[in-house]
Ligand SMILES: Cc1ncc(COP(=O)(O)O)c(C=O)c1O
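Just the one chain here, the form predicted on its own, laid out as structure tokens.
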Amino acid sequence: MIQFKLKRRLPYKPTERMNVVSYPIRDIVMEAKREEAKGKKMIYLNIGDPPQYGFKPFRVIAERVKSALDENCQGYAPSEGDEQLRKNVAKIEKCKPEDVFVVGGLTEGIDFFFHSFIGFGEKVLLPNPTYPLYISKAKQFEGDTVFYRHDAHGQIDVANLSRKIEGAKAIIIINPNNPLGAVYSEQNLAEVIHLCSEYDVPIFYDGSYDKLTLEGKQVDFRQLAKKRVPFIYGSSLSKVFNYPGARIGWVAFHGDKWADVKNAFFLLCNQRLSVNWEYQKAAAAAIVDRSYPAYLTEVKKNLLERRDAFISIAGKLPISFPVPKGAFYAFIKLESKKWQKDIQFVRAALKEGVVFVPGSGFGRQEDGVYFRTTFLPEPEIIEEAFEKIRKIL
């Protein structure tokens, strides 16, 4: 049985333990709500919540949830996940069903990964910028967070990574990247895989947005990495099926390194009991439904239209950002020297009625002041928001 690596030097006090827990994407909402309570209308561009902006979830999910309510799904589901969902995920992943675990959104899968694999002081490589949850989890489990850079084209800077990879316990790859909107090329990923293989560093691959490539080729990371490096592939219903409220995700283990970690996942799944069974049934149906490709084509068409409108609107202001080629975010640099701290700018934007996320929430940005926005809303809402902040730029 795996022994968890709880190598604490001294026990945390409860307040100290909570000091390392943060989630900037939602933390800023508390301040926004205070402005809203004063009667100010707020435009929330801080979170990637597609249904909030008119994107309808894949219809099969709701249909299957309704039928599951009439079936024998009233009790606990199996701890590690619904049998059919694990089988269907395994077909996509080209692995065995026992290599698949269903989690409460990929968020829980990330938590379980850090809990079961990262010990005190062990180096974890994160992209900069990165999704804030990875930073928070690394702190909670006392890992040594080391950031690798992107180059000017939004690709992983392999030369920079090569100087940092030695001794790493794991590397996190998010593709398309949140918050950058970058999509890594096949060559770029192949170079990273080669480096990880050379240094025996396993990969946690966050595929939350893997079907939302707006430009360029959608690369199958599984095929590239197969038999070359151990990796975990994670995804969910949240983004590529536009159903974040379902809280259904899954992780699939690839390679022969993971026996102890899979056992740990099983124990962690046992202690949380189970994930909502109706939505697991829905996920099992949705991920293999033949009408999904047509649905996805329409989603990407709408996203591309909104991204292009966003570029046209934001491009008129004294800001700069790489063109997002995937997902639905932009990571924006303020070109004006007016603002020295991102939180000051974000709070000024709140006073104008627009909610962004400070760039420092995604890692330390040493070359300027950044913020993240989503371009999910209709163009008229984006235009209204950026017109509001024009005066403070």
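When you see a residue number, it is the position in the sequence shown, counting from 1. It should be emphasised that the depicted structure is a prediction, and the values quoted were computed from it without experimental measurement.
In what follows, reference is made to the form predicted in complex with this ligand, a form of this protein that is not presented.
- Of the candidate stretches 233-241, 71-79, 187-195, 261-269, only 233-241 has residues with heavy atoms within 4.5 Å of this ligand in the predicted bound form.
- The closest heavy atom approach of residue 105 to this ligand in the predicted bound form falls within 4.5 Å.
- The closest non-hydrogen atom of residue 206 lies within 4.5 Å of this ligand in the predicted bound form.
- Of the heavy atoms in residue 222, none are within 4.5 Å of this ligand in the predicted bound form.
- Among heavy atoms of residue 148, none comes within 4.5 Å of this ligand in the predicted bound form.
- Out of the listed residues 174, 182, 85, 124, 174 is the one that sits within 4.5 Å of this ligand in the predicted bound form by at least one heavy atom.
- Residue in contact with this ligand in the predicted bound form (any heavy atom within 4.5 Å), chosen from 229, 286, 89, 110: 110.
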